[in-house]
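We begin with a single chain expressed as structure tokens, specifically the form predicted on its own.
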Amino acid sequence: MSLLGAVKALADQPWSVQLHESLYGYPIVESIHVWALCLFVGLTIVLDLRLTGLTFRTVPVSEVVRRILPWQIAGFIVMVISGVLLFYAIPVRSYQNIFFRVKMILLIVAGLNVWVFNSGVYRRIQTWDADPIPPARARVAGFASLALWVLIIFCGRMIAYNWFDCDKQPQSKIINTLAGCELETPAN
């Protein structure tokens, strides 16, 4: 079974149909997703601004992390769960949405940015924790995170628009390829 076939099978599940067609369920899940996104990204911006050295220069980075990390984790968990539910409600449309695909790639890059930061420069935080301007690698991680989250939020918002949906034909071959559209070829 292809990935698109699996996504189509998921779309046929009763709970997927019920969530998508629910008068209140889908909007509530979407609202929770946006709320959790605000919590997580808002706190991420606070940390990133400290890492870039643009604000909170007198507060040690470890203190910022200590205070916001539990709330960031809570926001992240709720954001992921609600995001999975949103995908579950409209899996085929999401899977074939160019902005959704770009958002997933950007989320992976953002995760790699966090991993590189935590496995590298953050391990030596005791040497630069109270510095008003963190080392270059920490600043790069902070600026990269800020840029990535701006792009992730933009792509997430653009998912709602159906400019490139597979059922809107004809479209250019590149759009159909990027969206993963499987078009029926005319019989000869």
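As the structure is a prediction and not an experimental result, all values here were calculated from the model. Each residue number is its position in the shown sequence, starting from 1.
Heads up, the form predicted together with a small molecule isn't pictured, but that's what we're talking about next.
When the small molecule is considered in the model of the complex, Gly156 lines it closely, a heavy atom lying within 4.5 Å.
For the chain shown alone, Phe100 is a contact residue for the small molecule in the model of the complex, at least one non-hydrogen atom being within 4.5 angstroms. By the criterion of a heavy atom within 4.5 Å, Val61 is excluded from the residues contacting the small molecule in the model of the complex. The closest heavy atom approach of Ile32 to the small molecule in the model of the complex falls outside 4.5 Å. You can rule out all but one of 148 to 156, 64 to 72, 43 to 51, 123 to 131: in the model of the complex, only 148 to 156 has residues with a heavy atom within 4.5 Å of the small molecule. Taking the partner from elsewhere, no residue among Val92, Phe164 and Ile175 has a non-hydrogen atom within 4.5 angstroms of the small molecule in the model of the complex.
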